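Listed next as C-alpha cells is one chain, alone, in the form predicted alone.
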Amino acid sequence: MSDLVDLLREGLPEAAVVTDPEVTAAYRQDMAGFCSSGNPAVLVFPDTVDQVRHVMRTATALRVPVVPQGARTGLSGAANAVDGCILLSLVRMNRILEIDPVNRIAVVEPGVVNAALSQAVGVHGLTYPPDPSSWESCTIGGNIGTASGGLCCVKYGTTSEYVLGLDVVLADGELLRTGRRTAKGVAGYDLTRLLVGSEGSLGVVVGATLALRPSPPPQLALAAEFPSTAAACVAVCAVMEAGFTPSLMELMDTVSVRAVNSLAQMGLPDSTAALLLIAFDTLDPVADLAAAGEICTAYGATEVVPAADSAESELLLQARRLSLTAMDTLGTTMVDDVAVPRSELAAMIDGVAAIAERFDLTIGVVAHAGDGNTHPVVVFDASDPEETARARESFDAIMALGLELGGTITGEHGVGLLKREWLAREIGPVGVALQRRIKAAFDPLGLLNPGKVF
C-alpha cells in the first residue's frame, strides 16, 4: 500500500492521491442495486493525460487493478471498486478542447458533463444529441463507457453513433489514438466502436472527438391516454410504420402514471392504463403532431392533448421526467434496461405485468417506446430479505423475457457487475470466448476493471 501511494505521488499532485477511507468509501460504487463493491487501496484524480499514463504504468508495475470512474451515475455496477484497486476518477479532466463548427466536431476530455457540452455547442447553432436522463450530471467519458442512450434515440441514435475518435490510455500506459476527424473513414479495424461501450475494461478514455449536428427547431409534444398498454404499443408501431420520425416517443404504464400522479398531482385519470408521449422537432411539428394524434385516436386513445408551444410541451413531458423519482417514493427501486424489437413492445410490457403478479411485487415500466428500450422499475422493501430475494428473481425473469422476445439484456446501461451471467446467455459461448481474447489483447494482465462485463 505505501509503495503504491509513494509511486503514484511521484507523477501526481499530492492532493490528487487520496487514501482517507471515509473519502474512498464514498467513491466505492455507482447507482446500481444488487452489486457488491470492494475496498479500494487509493483514489486518484488526474487532470492530464500524462498523469493517467503514470497511474497505469504504476498499476502495471505493481500488478494493481484499476477501476476507471466518471460521475458514477451508472446503473450496472461498472464503476464499483474491487478490493485493493486504484479508483481512477476522471472528473477533473473536464475541458472542452475544441469546437469546430465547420467540420461539426467537438474534442473533449472525459470529465466534461453532457449538459455542459450541449450548452457550449449550442452557442454555435449545433447540438450533441445523446441525452441520457442523467445528462445534467453524467460525463462524456461515462457515456462512452456504457454507449449510453436517452430520450431522443428514436431519431438521433446513441452515443456510439457520435464518437468519431478516441484517445485511450492502455493498461501498460501506452497512448492509443483511434478513429478520425473526417466525416468518413474506413482505415483498419474500427477500434473506436469497439471501445465505446467497453466499460473501462479495454482502456481508459482520456479524450474524444465527437460529431455534432445542427440544432433542430424546438420540439412540440402531445400526450395520448390509452385504456391498455397493448393499444398504446400498437399506436407506436402504427406511427413508425406511417413513416414518421419523432424526436421522442415515450411510454408510461399505469403503475408509473399513478406514481407520478401521487407525487406531482398532474391530474391524469386513474383509468389511464398507458400514457404515450410523442414529440416532433420537424419544420412543421403542428402538422406532424396532428397526424400522429389521429393515429393514436384510431388505435384507441381516449384523449389526445397536443401542446401549443414549447412551454406546454415541457409540461407534458414533465410526467416522464418525474417517473423514476416518483417510483422511488414507493420503496427501494431497481431499474432494469431491456430492449426488444419495437413490434414486441406490448408483449414485453404485458409480460412484465405478469412477472409483477407472479412475484407479488410492484413493477412499473417506462419505455423509450420508439426504439423498444424498456425500463422496468422493480419496487421492494430492502429491509425484508424475502421480498428482496423476490425482487432479484423478478429482475432476472424480466431479462429472460427480453431475450425470449428477440431483445437484449441492456439497451443503454451496460453489463457491469449486474448482468455478467446474462451476457453469456445472450452472446453464447463462442461470443464470450472471442470477447475474452479481445480483452486479453488489450489488457493481458487483467488489470482494467476486473470482474466487470465477464
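The structure presented is a predicted model; accordingly, all values stated were derived computationally and were not measured. Note that residue numbering follows the sequence shown and begins at 1.
Missing here is the form predicted together with a further copy of the same chain; even so, the following discussion is about that form.
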Exercise for review: Name the residue from Ser383, Gln119, Ser271, Thr182 that puts a heavy atom within 4.5 Å of a further copy of the same chain in the predicted bound form.
Suggested key: Thr182
Check your understanding: Which of these residues, Leu423, Leu62, Ala397, Met31, gets a heavy atom within 4.5 Å of a further copy of the same chain in the predicted bound form?
Key -> Leu423
Exercise for review: Answer yes if any heavy atom of Thr229 is within 4.5 Å of a heavy atom of a further copy of the same chain in the predicted bound form; otherwise answer no.
Suggested key: no
Point to revise | Proximity of Pro101 to a further copy of the same chain in the predicted bound form, heavy atoms at 4.5 Å | key: yes
Check your understanding: Would Pro40 count as a contact of a further copy of the same chain in the predicted bound form, using a 4.5 angstroms cut-off between non-hydrogen atoms?
Key -> no
Review point. Does the 4.5 Å heavy atom contact test between Arg72 and a further copy of the same chain in the predicted bound form come out positive?
Key: no
Point to revise | Which of 401-409, 41-49, 388-396, 62-70 sits within 4.5 Å of a further copy of the same chain in the predicted bound form, heavy atom basis | key: 401-409
Point to revise | Residues of stretch 150-172 in contact with a further copy of the same chain in the predicted bound form (4.5 Å, non-hydrogen atom) | key: Gly150, Cys153, Thr158, Ser160, Glu161, Leu170
